[in-house]
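Shown here is one chain on its own, the form predicted alone, set out as structure tokens.
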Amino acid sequence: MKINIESFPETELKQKYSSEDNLGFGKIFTDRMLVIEYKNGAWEDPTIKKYSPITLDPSAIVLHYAQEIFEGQKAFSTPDGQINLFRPDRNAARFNSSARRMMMPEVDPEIYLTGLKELIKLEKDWAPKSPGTSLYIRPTMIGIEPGLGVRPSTDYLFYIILSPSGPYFPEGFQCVKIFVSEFYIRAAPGGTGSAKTGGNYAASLLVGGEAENYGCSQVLWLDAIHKKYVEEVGASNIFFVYDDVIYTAPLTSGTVLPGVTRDSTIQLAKDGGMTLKEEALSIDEVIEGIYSGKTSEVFMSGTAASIAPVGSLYYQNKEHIINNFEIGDISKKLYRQLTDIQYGKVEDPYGWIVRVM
């Protein structure tokens, strides 16, 4: 399917950021966006156009019944002046998995990836080059048909926007504090926990505000049935080094997002000779292990955060310090391996990197 590229006067181009030191995350957006509409049972007219507001009917399905999905990806500037995408095929596949769960049409992966590459080529000058920075990619689909009544939309809008960004956590690769939710849950078996849909994140906002009151950056969610087993963090999957074994929650219950960075971290750990288990681990074991020495490291993994070490867990009205609030050796090693591949500093042995240009 041919991608149309609309032109507009250079006078309408945005003024680019003056410094890469304070980009923040998801605050700045480039000049263009990819837009495709789904009508009459088919995707029509992929177009790269000027970044602009979206007009919706007040009764649009997405506004009333939350029929919406999105993805999170990054493009990385390399030392030789190229731009890398990291496992974009996995993001396209997960996007379509989310679409199926939310009763939305799938997007042809070839259109998804070709459109994304063309958009990045046009916006290449927006890609930051400083260490830790990236061009964040946000593909999104929303149900746009007007009309009330709980049902899937017939019409959809798929679009991709780009945002030059610094580290997700302002403190960079340093230990962060995590709040453990004892009462609220993120997802239950049979729900939408494995889909990347906005409703999952809206439900987390209340507890996120509570976490901020205790100086915590994220919320660690426990399982919905027992409120006992650790599952994931609001914006990332999470790993625990317990008794020299790396644990992360399994995907079998459908309550954990199948993270692309999670999968990559598992591969790197196993290939590095580390013992890793996708098994349930209880919060009580984690906390007891902090004091016995069995819980030696905790770290998160996600597109936005890459790998982020956790320095403490706030649970049952007490802060539990992990490894003297110091970054562990495993976290350091996996972070370096992952980011070196993403930024093109080392050879990619897995075929994860797709060069845009």
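Numbers follow the displayed sequence, beginning with 1. Please read these numbers as outputs of a predicted model, since none were measured by experiment.
The same protein has a further form, the form predicted in complex with 2-OXO-4-methylpentanoic acid (COI), not shown here; the description that follows concerns it.
Pick the stretch from 247-255, 70-78, 112-120, 221-229 whose residues have a heavy atom within 4.5 Å of 2-OXO-4-methylpentanoic acid (COI) in the model of the complex.
Residues of 70-78 come within 4.5 Å of the partner.
Is 2-OXO-4-methylpentanoic acid (COI) in the model of the complex close enough to I3, Y38 and F158 that every residue in that trio has a heavy atom within 4.5 angstroms of it?
Heavy-atom distance to 2-OXO-4-methylpentanoic acid (COI) in the model of the complex: none of the three under 4.5 Å.
Does any heavy atom of Y214 come within 4.5 Å of a heavy atom of 2-OXO-4-methylpentanoic acid (COI) in the model of the complex?
No, Y214 stays farther than 4.5 Å from 2-OXO-4-methylpentanoic acid (COI) in the model of the complex.
Using 4.5 Å between non-hydrogen atoms, is Y136 touching 2-OXO-4-methylpentanoic acid (COI) in the model of the complex?
Contact check for Y136: yes, within 4.5 Å of 2-OXO-4-methylpentanoic acid (COI) in the model of the complex.
So in the model of the complex, does any heavy atom of I28 sit within 4.5 Å of 2-OXO-4-methylpentanoic acid (COI)?
Although 2-OXO-4-methylpentanoic acid (COI) is absent here, I28 would stay clear of it in the model of the complex, with no heavy atoms inside 4.5 Å.
Quick one: does T303 come within 4.5 Å of 2-OXO-4-methylpentanoic acid (COI) in the model of the complex, counting heavy atoms only?
Answer yes; at least one heavy atom of T303 falls within 4.5 Å of 2-OXO-4-methylpentanoic acid (COI) in the model of the complex.
2-OXO-4-methylpentanoic acid (COI): the contacting residue among F179, F95, Y168, F86 in the model of the complex [heavy atom, 4.5 Å]:
Filtering the options by heavy-atom distance leaves Y168.
Among the candidate residues I287, L276, A235, V107, which is the single one with a non-hydrogen atom no more than 4.5 Å from 2-OXO-4-methylpentanoic acid (COI) in the model of the complex?
Going through each option in turn, the one that passes is A235.
What residues of 186-215, in sequence order, lie within 4.5 Å of 2-OXO-4-methylpentanoic acid (COI) in the model of the complex by heavy atom?
Heavy-atom contacts within 4.5 Å come from K196, Y201.
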